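Have a look below at one chain only, the form predicted on its own, in structure tokens format.
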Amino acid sequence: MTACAAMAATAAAPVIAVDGPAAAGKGTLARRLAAHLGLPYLDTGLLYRAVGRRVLDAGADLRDPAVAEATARALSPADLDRPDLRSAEAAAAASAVAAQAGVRAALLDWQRDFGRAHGAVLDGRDIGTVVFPDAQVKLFITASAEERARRRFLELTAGGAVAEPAQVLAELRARDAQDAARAVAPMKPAEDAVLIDTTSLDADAAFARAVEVVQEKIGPRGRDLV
């Protein structure tokens, strides 16, 4: 699809890119925004978690590019419904396979087809920079590492997991570093993304700001949606 065609597609069916690091609140915001706008929602991180989980299930090496790519190309929608994709192990596996060019290429068309079908709100780490660089709205949701670690710790312990705050913070920082330093599609804000720092914002305030951005970026179409 040419750049002009992609822009025409997003004009008819808006694509909203929501990127940012783990535990910044982007998933909660993106799901709420999609429901509010009447658009499909995709947590693209689940794609990578599902690939990593399947590689682990097979007892294979997460850093074997051939295995990881083959697993990505065999991924089915049913794999996204697994109940174990939110675990810390799945998150670490996702970060490992996401660093591989073959895996990202295999999942790129899947994500683009989803967004182009009827418009969508997609959250991930490279939606605005790689998957949909022509998205009409690009948000980068962030928060301090300490606040994100606090949220993740509360999430883990609420689910019955045993966790240490210092370890949660260390693992989060390690994942941030890996995602930002990878050679393929590193995590970073798109040049035209609107930054929303949720360190001191609750979910309602972050959502209200996101709605404002949609209205500003899409104009009359955005006002019709919201």
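No experiment lies behind these values; they were computed from the predicted model shown. Residue numbers here begin at 1 and follow the sequence given.
The form predicted together with 2'-deoxycytidine-5'-monophosphate exists for this protein as well; it is not shown, and the discussion that follows is about that form.
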property	result
Output flag, T44, R49 and R125 jointly within 4.5 Å of 2'-deoxycytidine-5'-monophosphate in the model of the complex, heavy atom basis	yes
Among the candidates A72, A94, I141, V137, the residue which, in the model of the complex, approaches 2'-deoxycytidine-5'-monophosphate to within 4.5 Å (heavy atoms)	A94
Any non-hydrogen atom of R104 within 4.5 angstroms of 2'-deoxycytidine-5'-monophosphate in the model of the complex	yes
Contact test in the model of the complex: D197 vs 2'-deoxycytidine-5'-monophosphate, heavy atoms, 4.5 Å	no
Any non-hydrogen atom of R175 within 4.5 angstroms of 2'-deoxycytidine-5'-monophosphate in the model of the complex	yes
2'-deoxycytidine-5'-monophosphate contact at V121 in the model of the complex, heavy atom, 4.5 Å	no
Options 141-149, 113-121, 96-104, 75-83; stretch whose heavy atom lies within 4.5 Å of 2'-deoxycytidine-5'-monophosphate in the model of the complex	96-104
Heavy atom contacts to 2'-deoxycytidine-5'-monophosphate in the model of the complex at 4.5 Å, residues of 150-168 in sequence order	none
